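Here's a solo chain for you in structure tokens, the form predicted on its own.
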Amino acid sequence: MRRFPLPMPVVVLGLLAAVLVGVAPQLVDTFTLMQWTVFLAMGVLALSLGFIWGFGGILSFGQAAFFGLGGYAYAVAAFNFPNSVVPLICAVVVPTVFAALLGYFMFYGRISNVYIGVITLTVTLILFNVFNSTAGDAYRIGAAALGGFNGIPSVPGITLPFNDYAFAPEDNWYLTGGCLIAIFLGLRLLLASHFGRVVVAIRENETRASLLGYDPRLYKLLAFVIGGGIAGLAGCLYTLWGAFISPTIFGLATSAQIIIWVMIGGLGTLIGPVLGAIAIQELITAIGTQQALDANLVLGIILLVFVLLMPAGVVPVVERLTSRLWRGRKLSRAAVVAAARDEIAVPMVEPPGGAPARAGE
């Protein structure tokens, strides 16, 4: 019988997350639900970098480029099409195609990982300046005015074909939570497949994988494209949440935050980046409610602490400690069983008139 590709803990985690997404609107008010919605959208964005960096070994400093392109693609298309089918497709296709073009020149140009980080960051800054310079009526795509540094306000929400119903905040919550769960489980299935194992093998030893007949450039390009598409979807969810998008989405702060989420949550895991994104966003929101601390300063201190003391991130450390405790319990249990077997195999006998002695002595 063929083995199910997902381990039982992942299935249980997915079911619990689905239940939480389903009941959350009945447990919290609308304001809290909207806050949680943007946290989950950031979780999707963190998954995009967690996949290509943690499993593909591709450190992209400019994941915000695909995030912003997805948001802008949705916003522009939403003003030009009567329902949301085409805008949703554009939000994924545009950043995916852009990632394919950029990745082709990087990977087939045999650019090293250090320069890949520099190139992706440079592209993000270029996009920031391009969209920041689009103020005025001359910069329109159909019915959508790009708005320059003011961004695009009042972006239409989700509407379905042949139906005038517009998504409410609760519907956006269900959509964002469903996308996060689906992408998480989809990436787990992808990593369990032949393609995922080859991607991880290339991360571990690119030369050996190449000698085995695999083309590292192709696999790294495909992983990079998948990450770009996921980041674009996250940008669409983010735009839907706020009904607004501006060039600040391409800023350095966004790019840095994505890396911090992955590092703190745990590189080489999928749940770690999601938890890191939610925790950091919650922390930034809490800091924003008071004037005593600067959010960027706190984030910098947290990053330094984790880099110096816990470079692997929270989730790998917790997994390691849990594994050690579990192994310790198994060893203790095995020692007890072995001692009991000795007692059974070597019963005590009472020699006549003497001290107890073992049989055979």
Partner chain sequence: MDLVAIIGLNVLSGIASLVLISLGLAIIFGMMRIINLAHGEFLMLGAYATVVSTNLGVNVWIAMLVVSPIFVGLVGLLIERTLIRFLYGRLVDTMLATWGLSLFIVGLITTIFGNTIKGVPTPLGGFQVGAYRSDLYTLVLAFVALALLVAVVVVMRFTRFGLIARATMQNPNMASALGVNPTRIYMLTFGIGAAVTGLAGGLLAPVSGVSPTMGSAFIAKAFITVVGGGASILAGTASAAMLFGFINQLGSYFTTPVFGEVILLVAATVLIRILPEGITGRFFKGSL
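From a predicted model like this one, the values you see are computed outputs, not experimental measurements. Positions refer to the first chain, counted from 1.
Beyond what is shown, the protein has a form predicted in complex with the partner chain; the following relates to that form.
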Practice task
Look at the stretches 305 to 313, 34 to 42, 318 to 326, 66 to 74 and give the one with heavy atoms within 4.5 Å of the partner chain in the predicted complex.
Solution key: 305 to 313
Exercise for the section: Sort through F79, F167, Y139, F244 and report the residue having a heavy atom within 4.5 Å of the partner chain in the predicted complex. Expected result: Y139
Completion exercise
Contact with the partner chain in the predicted complex, heavy atom within 4.5 Å, among A143, L160, A182, V118 goes to V118
Exercise for the section: Evaluate L297 for contact with the partner chain in the predicted complex, applying a 4.5 angstroms cut-off between non-hydrogen atoms, and reply yes or no. Expected result: yes
Exercise for the section: Look up in the predicted complex whether S255 has a non-hydrogen atom within 4.5 angstroms of the partner chain, and give yes or no. Expected result: yes
Practice task
Would you check, heavy atoms only and a 4.5 Å threshold, whether N205 touches the partner chain in the predicted complex?
Solution key: no
Problem - 4.5 Å heavy atom contact, I260 and the partner chain in the predicted complex - result: yes
Exercise for the section: Give a yes or no on whether each residue among W53, L125 and S133 has a heavy atom within 4.5 Å of the partner chain in the predicted complex. Expected result: yes
Exercise for the section: Within 4.5 Å of the partner chain in the predicted complex, which residues of 42 to 61 have a heavy atom? Give them in sequence order, or say none. Expected result: W53, L59, F61
